[in-house]
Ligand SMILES: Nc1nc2c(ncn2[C@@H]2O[C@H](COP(=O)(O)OP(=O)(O)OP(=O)(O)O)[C@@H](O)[C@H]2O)c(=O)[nH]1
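In the form predicted on its own, a lone chain appears below as structure tokens.
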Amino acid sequence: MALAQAQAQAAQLKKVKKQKVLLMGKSGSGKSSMRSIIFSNYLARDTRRLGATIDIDLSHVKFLGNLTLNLWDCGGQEAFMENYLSQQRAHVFSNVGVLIYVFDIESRDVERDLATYVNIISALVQYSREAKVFVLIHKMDLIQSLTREEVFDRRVNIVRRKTAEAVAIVRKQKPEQSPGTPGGAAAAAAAAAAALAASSPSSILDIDIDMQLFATSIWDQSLYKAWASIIHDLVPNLGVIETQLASVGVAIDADEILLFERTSFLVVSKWTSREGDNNPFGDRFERMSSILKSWKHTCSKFTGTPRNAEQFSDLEIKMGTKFSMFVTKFTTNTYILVCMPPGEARFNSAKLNVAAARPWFRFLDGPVIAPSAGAGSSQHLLAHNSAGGAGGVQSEANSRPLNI
């Protein structure tokens, strides 16, 4: 049984995923800026020199070892949008894993933006019905803080209503041209609806959009929250990662553990103890992403190394009697953050334990063969002696194995 489980896991870890991600929205909404900040290590102020995207900017973003994001940054000018929805409709909207649609909260032509969005959702339903949709209400820093939540909630309600309208158009097979909608796009939508109904009449009523909405800005951590959620849904072997991370957290009696992708510092996975669940700061994970990204930029500035290079291997913070924390390079493609109660022996033993756990996360660097049951039985994770405190690290005979 154990051997069969190991073989099944090996087959799972061998899978290399390539996800098509569409990044769409009107011209000037901030699509390329956020992409450059997340994946190219731009500072927010550096994005001012970026020009408008012409047609489709196609890039293959490596994320972890076995995930490639086939990222299509689509220019938002009206001529390009009409082309996507008519002549290039099948090419653009086929085999999409994720659609990221960006709304500029300061847009002066909201109705036209929404009409374009409805047509895009209709095209997505036709060619990639299982795709997930993430809607980013962007540039929220331009809204006064006192009214920001109200403005966002109002826009969320509108977008959800328009999404339902797009689905209804496909169901009724009678798409009508919305105000400001290009005629060619409307005709393509009509043909698409009829084709979808003819190909799958029994399932056309089962259309459901898997959608999440976020308020974002390039000037704060909200951008990391949105993109971490997007990436979280795309990461292969996520169940294995979460199980392993929980095993490490329990073994070292940590409060919280975060696993970051090396270049973007997006949170790939996290584990929180019961004590950690009491932390009142709900945005602390994306705040840490922003802080570590800034620290990486600072290291780059003073060392003269490229921003995409590895800038540091370890970062330790000890807050007296409050807590201790360290960030260390974990695998080739990841960093790990461990937060725990204070105590020098506990801290040192946790660092040893994390080092001992590294082999169990090697699959994050690419497809590997999972260890056999026999090999796994000899691998142990050292656990500190919480009862003895100063007793330091337990012997291997008394340590707890990782549950892999």
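All residue numbers are counted from 1 along the displayed sequence. Since the model is a prediction, treat every value here as computed from it, not as a measurement.
The same protein also exists as the form predicted together with the ligand; that form is not shown, yet it is the one meant from here on.
Region of this chain that lies against the ligand in the predicted bound form, out of 272-280, 237-245, 212-220, 112-120 [heavy atom, 4.5 Å]:
Looking at the partner contacts, the answer comes out as 212-220.
Of these, 164, 315, 250, 142, which has a heavy atom no more than 4.5 Å from the ligand in the predicted bound form?
Only one option qualifies, and that one is 142.
Residue-level contact is defined here as any heavy atom of the residue lying within 4.5 Å of the ligand in the predicted bound form; does residue 71 satisfy this criterion?
Contact check for residue 71: no, nothing within 4.5 Å of the ligand in the predicted bound form.
Residue 75: touches the ligand in the predicted bound form, heavy atom cutoff 4.5 angstroms:
Residue 75: yes, in contact with the ligand in the predicted bound form.
Residue contact check: residue 27 to the ligand in the predicted bound form, 4.5 Å heavy atom:
Residue 27: yes, in contact with the ligand in the predicted bound form.
Contact test in the predicted bound form: residue 50 vs the ligand, heavy atoms, 4.5 Å
Yes - in the predicted bound form, heavy atoms of residue 50 and the ligand come within 4.5 Å of each other.
With the partner left out here, which residues of 102-124 have a non-hydrogen atom within 4.5 Å of the ligand in the predicted bound form?
If the 4.5 Å heavy-atom criterion is applied to the ligand in the predicted bound form, 102-124 yields nothing.
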